[in-house]
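Here's a solo chain for you in structure tokens, the form predicted on its own.
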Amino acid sequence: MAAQMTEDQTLLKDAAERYLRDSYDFNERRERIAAGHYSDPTQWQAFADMGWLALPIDEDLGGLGLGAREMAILAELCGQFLVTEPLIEAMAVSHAILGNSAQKESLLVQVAEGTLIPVAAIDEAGEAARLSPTTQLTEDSGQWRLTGSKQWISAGASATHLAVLANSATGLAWVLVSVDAEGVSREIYPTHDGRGGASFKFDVTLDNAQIIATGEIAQDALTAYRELAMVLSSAETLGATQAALDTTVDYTKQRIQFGQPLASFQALQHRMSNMLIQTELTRSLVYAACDAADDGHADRGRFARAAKVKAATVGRKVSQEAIQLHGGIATTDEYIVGHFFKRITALESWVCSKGEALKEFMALPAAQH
């Protein structure tokens, strides 16, 4: 796929990979997470300085105006280097949700500068609540009030603001709430992928500026957010999958058994070849989904869901194979391979689970050409 990148995309990938390789140390990451620090403010400011946070923001709003392909390049590197900062969450919210707000100019400037870290809050108890929330937005004499709760928010510990999906008198609504606002309570907990999850309860008064979208606009924003999240989670899964495979190949070249490297055994070569083939097939589908999104293709929703299912399936298989080929060392916290498996597993259910994506894919009609 590298041959199909534009010059600008190649420069973005090379610069981002160089930065993360030099500045995102795995052992420092482990120590930070163990201390309960799930996001490094210095790293986040560096992301802002390099323009990553401005990448999905329209040029007329001060951003770079780039698309799903560029966001996926960064997402893939997040998987490769196990980035815990909520980059894919913020990019998806900025592009699909905040961009629909009447206050988008002031909000997106803050996102690009790194001072506003937005994470979407859609999960509640019960699978159906993702699309039909019980959290309520009500209005009385011009006064807005948000009541309810949201659970299992990936990277919720790192957010400064939540884009909350609620139900209102005019249908769905998105509202922007500071995590420190009066009437908001947050419970932070460690997650097995090191991101720091959170659950929230709301009984908070809002002003008009915090109402991002309602009715049909809110519904369209939800659809756009879910499909972009499917594509970006698939890209990050791809990055972690490739890294797990690369680490395994290197290990089998160095590990000596019966007087020769493990990589010399034909049975193991076949297994790693199959891992490579499936990873490359996933790469093709993920970037086809990116291109469909950027081109406004009528089948972009089907591509996004197909990529989600493929990446989740292959990611789990390859990372499990990687653990088996490493043996016991792969199950230790000090070794990186098990961490790839944990992140891939978490991404499998983020925003839209593999099972949901498969059901929705089968229900969507193919575009007529």
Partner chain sequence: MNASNPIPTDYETFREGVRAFLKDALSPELVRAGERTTSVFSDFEAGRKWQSILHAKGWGAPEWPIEHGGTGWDIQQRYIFLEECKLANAPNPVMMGIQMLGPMLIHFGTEAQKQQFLPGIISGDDVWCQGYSEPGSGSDLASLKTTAERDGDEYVVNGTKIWTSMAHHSNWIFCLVRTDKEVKPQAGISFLLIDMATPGITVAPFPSLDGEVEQCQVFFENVRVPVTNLLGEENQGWTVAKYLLEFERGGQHFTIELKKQLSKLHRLMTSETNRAKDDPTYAYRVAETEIDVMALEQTELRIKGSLSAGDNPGALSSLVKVSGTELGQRCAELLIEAAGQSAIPWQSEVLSPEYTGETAAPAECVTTMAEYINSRATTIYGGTAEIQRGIIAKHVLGL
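If you're wondering where the values come from, they're calculated on a predicted model, not measured in any experiment. Numbering follows the first chain given and starts at 1.
One more form of this protein should be noted, the form predicted together with the partner chain, which is absent from this view; the next part is about it.
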query: the partner chain in the predicted complex: within 4.5 Å of a heavy atom of each of 283, 291 and 354?
result: yes
message: Please determine whether residue 341 contacts the partner chain in the predicted complex, using a 4.5 Å cut-off between heavy atoms.
response: no
- prompt: Within a 4.5 Å heavy atom cut-off, is residue 169 in contact with the partner chain in the predicted complex?
  reply: no
In the predicted complex, residue 299 touching the partner chain (heavy atom, 4.5 Å): yes
Contact label in the predicted complex: residue 270 to the partner chain, heavy atom within 4.5 Å: yes
- request: Report the stretch among 70-78, 225-233, 179-187, 262-270 that approaches the partner chain in the predicted complex to within 4.5 Å, counting heavy atoms only.
  value: 262-270
query: Of 208, 132, 106, 274, which residue is found within 4.5 angstroms of the partner chain in the predicted complex when only non-hydrogen atoms are counted?
result: 274
- prompt: Of 57, 337, 33, 306, which one comes within 4.5 Å of the partner chain in the predicted complex, counting heavy atoms only?
  reply: 306
- line: Contacts from 200-236 to the partner chain in the predicted complex (any heavy atom within 4.5 Å), listed N to C, are none
